[in-house]
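One chain comes next, on its own, written out as structure tokens in the form predicted alone.
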Amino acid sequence: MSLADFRNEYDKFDLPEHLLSADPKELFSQWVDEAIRLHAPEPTAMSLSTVAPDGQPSSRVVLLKGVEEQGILFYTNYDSQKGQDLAHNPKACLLFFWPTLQRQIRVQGTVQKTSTAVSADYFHSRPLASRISALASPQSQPTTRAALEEHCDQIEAQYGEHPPHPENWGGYYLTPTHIEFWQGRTNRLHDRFLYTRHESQWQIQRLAP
């Protein structure tokens, strides 16, 4: 079958104006909760897009770890490509897509690092194997499987069940300036609403699909 002929109808839900909240965080949290409750695959996965110093954009999937007053929270290696991109340009975009719910959320904003204490608290809450791999991995750098496994073994032998929080690993808050909610509808007449931050207020616009 030709890819140009592939079609999928969007007919599960709608998003009428009267269901919109004044604060997009309420609708955001509702959609994330529904994705979890309705067993959407990887409900907390989100695509993070950054821009390198040469202007090249790149995207990768990270996991949502909190929705707080400071913003949307995720964790990573600060020396990774995304960490280097964000150090140069703190503007970023997040995209959530739940195909089984025919929904997506696009979030634009500026990132800032969490405090070391917040990063360390979360690091120490992770499974031991995840803590060891965070220490062992020179994220985004060339390596081999054998080198990674050897480094993990060395760290486990050195620290046992108490590996230290690495200084180059931690959290970011993305503080939104724009949040767009997209709900698939029949005949490609999708519901799209854009929240734009103006000082302490959010303005809402319906966008054409």
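The first residue of the sequence shown is number 1, and the count goes up from there. These figures come from a predicted structure and were not determined experimentally.
What follows is about the form predicted together with another copy of the chain, which we do not show.
By the criterion of a heavy atom within 4.5 Å, Glu26 is excluded from the residues contacting another copy of the chain in the predicted bound form.
Using a 4.5 Å cutoff between non-hydrogen atoms, Asn89 counts as a contact of another copy of the chain in the predicted bound form. Contact annotation: Ser119 falls outside 4.5 Å of another copy of the chain in the predicted bound form, judged by heavy atom distances.
Interface membership of Pro142, defined by any non-hydrogen atom within 4.5 Å of another copy of the chain in the predicted bound form, is confirmed. Contact with another copy of the chain in the predicted bound form, defined as a heavy atom within 4.5 Å, holds for exactly one of Asn168, Gln30, Gln154, Ser59, namely Ser59. Residues Ala92, Cys93, Leu95, Phe97, Pro99, Thr100, Gln104, Arg106, Gln108, Gly109 of 92 to 114 are found to place at least one heavy atom within 4.5 Å of another copy of the chain in the predicted bound form.
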